[in-house]
Ligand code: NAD
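Quick heads-up: it's one chain on its own, the form predicted on its own, in structure tokens.
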Amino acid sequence: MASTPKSETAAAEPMASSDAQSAAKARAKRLTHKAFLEAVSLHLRAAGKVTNVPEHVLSIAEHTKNEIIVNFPVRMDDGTIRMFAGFRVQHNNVLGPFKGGMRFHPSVSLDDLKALAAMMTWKCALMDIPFGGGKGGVQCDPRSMSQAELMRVTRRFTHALGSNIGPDYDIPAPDVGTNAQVMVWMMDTYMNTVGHVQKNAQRAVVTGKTLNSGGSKGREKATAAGLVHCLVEWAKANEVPLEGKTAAIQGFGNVGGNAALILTKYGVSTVAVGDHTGYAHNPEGFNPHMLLDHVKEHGGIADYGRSTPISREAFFSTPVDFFIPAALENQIDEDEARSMKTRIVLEAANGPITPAGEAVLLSRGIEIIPDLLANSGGVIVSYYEWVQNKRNESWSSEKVAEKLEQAMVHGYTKVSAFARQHQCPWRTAAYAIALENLATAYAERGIFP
């Protein structure tokens, strides 16, 4: 398994003082799962104020359509039987099938999944993808399990969900703690339990698969590539040359690591990195290939020799041109926002900035390219994978990359224009565009019966 970022609130510095530990615990307590869900609702209501969306659409948008909880037993390698809790939240499907990741992590909660499922609805609506929003997962620590145990958890969870997922109804994808192999296990379990005669036609039940099992070229780097497209467009609009600039990346898994790799092609050096194992600084810039190899071998950036270990506080206060949070939600609160020395934050993670943290950043003139736009590359290429599966096609890397760039530039242009026209933050603009698309669908279809 690839390394999985844990919540940074749980990562203690080896040399941390008792005061620092107390502050971290207080911060973790404040940034609860409920707070994340409330933040998403807050963003939605802020967007409603700059649009003419009817109140009933806002009310529908604040509620999930279905919340599925399954409890299932799994035999572990030592012969013991453990119970696991699994979830699938289906937020809204007025624009198309539910779509969203499956997260395997100890912190998985129903409130988090409700917030993330809603964000998927807005993300798809913003980027004109004919999907709705969903999110799911299992409360577990994949790093503590063998490959065989992880496979059994995945297959048993998929079996428990049954017909609650399907290629035309609800389409899972990878998320924190899962990867292409997990998606292949889910696909195979679904194909062999739902009783379809044409089993291969069901490959589209999940996206983010391996290439041999129906995955799309370019999917692994899609989220990072989409984020960099946003940065390139921002740099053009602000006449900022990228060559020689610096970046800090929190979370060095698939998204953060690939972002660092792609940024090197534009001459941007990643000088500060962090994940659940600690934080590090290299003023000359990290070699992304070598650091990714280290993370795959050791499970995190800790003990990487070509850098200086730093505290979490020092990481956030490191002067950089671009800051990329690519870990979990609620990582940048007021304290972090006050200490950050950057020009722009590009949200590779979902909800990494709290509303209080965002207010501080905006008051300081630090720009934010919000998650709905910045990290939408993943679901865009997931849609391309789904289309390829449906058509029994395989597109070239060049075709996928070209279509992704066109989609990201189009999304960036829409959000930029709306924010400028309405004199509102980019996050509000992104939510507002998504809401308007949803409202149009409800106006055309009406409310049954």
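Counting begins at 1, following the sequence as shown. What you see is a predicted model; the values in this text were computed from it and never measured.
We do not show the form predicted together with this ligand, though everything after this point is about it.
Please state whether every one of the three residues His105, Arg219 and Ala327 places a non-hydrogen atom within 4.5 angstroms of this ligand in the predicted bound form. Yes, the whole candidate spot contacts this ligand.
Out of 78 to 86, 260 to 268, 355 to 363, 275 to 283, where are the residues with a heavy atom within 4.5 Å of this ligand in the predicted bound form? Selected range: 275 to 283.
Is there a non-hydrogen atom of Arg203 within 4.5 angstroms of a non-hydrogen atom of this ligand in the predicted bound form? Result no; Arg203 lies far from this ligand in the predicted bound form.
So, Thr207 and this ligand: in the predicted bound form, are they within 4.5 Å at any heavy atom pair? Judged by the heavy-atom cut-off of 4.5 Å, Thr207 is well away from this ligand in the predicted bound form.
Give a yes/no on whether Asp175 approaches this ligand to within 4.5 Å in the predicted bound form, heavy atoms considered. Contact with this ligand, yes.
Using a 4.5 Å heavy atom cut-off, state whether Ala348 contacts this ligand in the predicted bound form. So Ala348 counts as contacting this ligand.
By the heavy atom within 4.5 Å rule, which residue out of Ala118, Leu150, Val255, Met340 makes contact with this ligand in the predicted bound form? Of the listed residues, the single hit is Val255.
Which listed residue (Arg143, Arg156, Lys245, His294) meets the criterion of a heavy atom within 4.5 Å of this ligand in the predicted bound form? The residue in contact is Arg143.
At a 4.5 angstroms cut-off on non-hydrogen atoms, which residues of 223 to 239 are near this ligand in the predicted bound form? List them in order. Contacts from 223 to 239: just Thr223.
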